[in-house]
Ligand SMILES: Cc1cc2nc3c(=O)[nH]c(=O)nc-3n(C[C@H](O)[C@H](O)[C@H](O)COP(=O)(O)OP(=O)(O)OC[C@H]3O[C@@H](n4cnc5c(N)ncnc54)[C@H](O)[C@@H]3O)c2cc1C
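Just the one chain here, the form predicted on its own, laid out as structure tokens.
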Amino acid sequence: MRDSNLKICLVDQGIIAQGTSLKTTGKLNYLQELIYSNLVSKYSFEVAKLYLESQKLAIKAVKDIIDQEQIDCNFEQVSSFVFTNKEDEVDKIKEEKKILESLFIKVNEHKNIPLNLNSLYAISVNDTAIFHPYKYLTKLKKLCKESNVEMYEKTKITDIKKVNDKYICKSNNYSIKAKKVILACHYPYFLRPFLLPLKTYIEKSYICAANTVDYYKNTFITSSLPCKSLRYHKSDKNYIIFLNGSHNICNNLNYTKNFEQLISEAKQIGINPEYIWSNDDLMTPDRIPYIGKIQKGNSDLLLATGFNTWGMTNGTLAGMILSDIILGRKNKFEDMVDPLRVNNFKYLNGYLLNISSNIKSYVQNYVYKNKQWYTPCVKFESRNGKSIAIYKEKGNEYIVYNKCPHLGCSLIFNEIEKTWDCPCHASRFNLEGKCIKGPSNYNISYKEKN
């Protein structure tokens, strides 16, 4: 795109590369749990083959960019494992192996894996990779600036309207006119006719990192939930990154307990966490992302979301597909990831789960108001007819409205990360009430009326 002579503007609510991409485990991997047997079962062998090709192409694209631009981002080719300690998962992994081999992928079998983890069976492939996403993306940011791409950080787009043949993208203080718009935000709430809440759900994960003496050139992930994922990172020290306890954001709302579980599970396998954090991923029923046109025949308003925890490959894939659409070129993966695709009826359960999860989150918010998940240092009051929450720490008092401005869900205080989190659509606010992650566009800071 930077060689297309198009005038490009990039707008980010925060700082570029410091959102979800900063919190990822940084895998470039096509061995994604049991995705291929799932696609064969629900769609066809041809769809599974196409998805595999898209992921391998994305990995190659990242490596080519790194080589061409000489980006120092700890890129390293590694082996990747899918494993299980459940008897009923063994045959499923064997089926995944069979499908991959029919797609000419060399797959290795293992009864044990080189970690202190229980494993009945595992498979691995050798041609995947890891890297440092923040180093990679900050270099791309620099290259874009050198190519005269306009960038606006700490800028929220609060509304998008089409006027004649242009889109008017409004921020708090300015408007941007554009012929074409790409919505690449985590939860693109602008899509009111698209019914995004019924087509997706949000998965929350808990991650830690610790210094380690050992270093294995491998990544590991379980074949099913509850997910466990590990990888190593080599810098001035060796680190192991461990993910545990992924769940639908509408469930398991005791975040302190979830972090405690992460630390407990980590220590059981010899990891003493030095850093801990959480991350949110937008999931689709068929595990294929939404990339492309939001309205049939309209190539001026485009979408890239629903990367299903594999954002490093699917984000790269989105860039290639959307570039082709804008430049009038046909991309072979465009139909597979079409946001307007009609899912196989076998994915009906996924849609019903999304609907029930949304209903559950709204009911529990309005009935229980999530107050059972607050610490003793949080108290509630009613001021000027509004419900507020007060958090005290080290002599400081933080007062916020305790409802998310997006759709009014009651917020949960995340005691570990010191944020107010929405359990409906993952909006996030800092202690002072400033919105640091959408879909909310507004702060929850409390202001006394004069």
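Note that the structure is a prediction, hence the values are computed from the model and not measured. One-based numbering along the sequence shown.
The same protein also has a form predicted in complex with the ligand, omitted here; what follows describes it.
Using a 4.5 angstroms threshold between heavy atoms, residue 280 counts as touching the ligand in the model of the complex. Using a 4.5 Å cutoff between non-hydrogen atoms, residue 15 counts as a contact of the ligand in the model of the complex. Interface residue remark: residue 19 is counted as part of the site for the ligand in the model of the complex, having a heavy atom within 4.5 Å.
In the model of the complex, no heavy atom of residue 423 sits within 4.5 Å of the ligand. Comment: 203-211 is the region of 114-122, 67-75, 323-331, 203-211 lying near the ligand in the model of the complex, near meaning a non-hydrogen atom within 4.5 Å. Of the listed positions (250, 263, 185, 181), a single one reaches within 4.5 angstroms of the ligand by any non-hydrogen atom in the model of the complex, namely 185.
Site annotation in the model of the complex: the residue of 155, 218, 128, 84 reaching within 4.5 Å of the ligand with a heavy atom is 155.
At a distance of at most 4.5 angstroms from the ligand in the model of the complex, all three residues 26, 310 and 313 contribute at least one non-hydrogen atom. Residues of 78-107 include none with a non-hydrogen atom no more than 4.5 angstroms from the ligand in the model of the complex.
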